[in-house]
Ligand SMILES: Cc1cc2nc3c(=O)[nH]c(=O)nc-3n(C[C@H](O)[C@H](O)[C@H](O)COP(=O)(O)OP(=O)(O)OC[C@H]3O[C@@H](n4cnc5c(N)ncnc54)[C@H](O)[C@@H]3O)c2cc1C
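There is one chain below, alone, in structure tokens, taken in the form predicted alone.
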Amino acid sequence: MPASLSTPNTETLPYLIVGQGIAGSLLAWHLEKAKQPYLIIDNNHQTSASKIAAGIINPITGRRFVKSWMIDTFLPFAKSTYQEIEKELGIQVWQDMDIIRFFMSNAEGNNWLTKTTLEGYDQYLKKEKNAHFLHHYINDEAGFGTVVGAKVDLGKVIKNFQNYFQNKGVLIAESFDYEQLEIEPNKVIYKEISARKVIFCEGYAAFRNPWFAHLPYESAKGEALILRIPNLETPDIIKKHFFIVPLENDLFWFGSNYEWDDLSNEPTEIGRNYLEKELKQILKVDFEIVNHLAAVRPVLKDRRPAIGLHPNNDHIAFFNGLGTKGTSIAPYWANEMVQFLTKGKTLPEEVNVRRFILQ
């Protein structure tokens, strides 16, 4: 298969994927496992939220400490998928990591204790954890609890997949031009490429897609800081309103905020000042800001993914809306999408893009 569009290709491919963020990468991975040929077009994932995400898998979320949607299914599937990728690509990206959740009030702490007694929560909550040394670094007004979580190095996943796809000759590095996509009765044609289906995995950029621009997007920009916190050595993720995620040496990822008005991919002074102010309330010690990152999360109004075929054209498909939980849910839904495409497996209504009225 071609690695550029300079040479005409008359053979009809099964699948043309647009976007190589975490959604497009995992979709291609599962298509390959199903022995389905594919070709990817990607502009170096310039608009991908995956490029700045910390890759946190947090099974217990919110101030009420509830289990994440379908986490009992998503978590083991995600772990096995990322570990298969590790083996295939010769990298390490998955880390089992506890999340030290500092309570904002005594009421939160009491609610936490109640949750630890509920069936189905015991596998995710630890009643005791030797993390009291963090009191030297974190302002602690009401104690903490421990969540059994994980972290995936999404940047490494995407970069190594990029190399993998390039070496296989199935990745074209350019922006997709919607105007050059021709819809025929039994296929689509993009420049010299003929495919049975085009699958858009564009993340937030899908709001420009003429076939999916009318979805109820509620995308939110997130900004994050890369910090140096001298002498803070912890194997755990710290959560107090925001996440502090250990990277390497004295470096940590801190974030992220939510901004619904400014949906550019550029870091802002307002965002930096806000995060720095919050950080000063959380930390007792000095820190240094090493880098400032920003990207827009692909979120839909009902906070569920949107996958499947366009209601008016079976040759146009969508795999998007993974939102803030993309690290944990993308492996499962990528596989479900492939099962739907290749074996006709029914997609649940709550994630099927056809639940929305499209033009």
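Not measured: the values here are computed from a predicted model. Numbering starts at 1 and runs along the sequence shown.
The same protein also has a form predicted in complex with the named molecule, omitted here; what follows describes it.
Note on the interface: of 316-324, 30-38, 303-311, 59-67, the segment with non-hydrogen atoms within 4.5 angstroms of the named molecule in the predicted complex is 316-324. Within 4.5 Å of any heavy atom of the named molecule in the predicted complex lies no heavy atom of Asn291. Interface residue remark: Glu174 is counted as part of the site for the named molecule in the predicted complex, having a heavy atom within 4.5 Å. Contact between Gly203 and the named molecule in the predicted complex is found at the 4.5 Å heavy atom cutoff. The shortest heavy atom separation between Val18 and the named molecule in the predicted complex is within 4.5 Å. For the residues Gly149, Gly222, Gly109, Pro246, the 4.5 Å heavy atom test against the named molecule in the predicted complex is passed only by Gly222. Across the proposed site, Gln83, Val93 and Thr234 without exception lack any heavy atom within 4.5 Å of the named molecule in the predicted complex. If you take 248-268 and check each residue for a heavy atom within 4.5 Å of the named molecule in the predicted complex, you get Trp253, Ser256, in sequence order.
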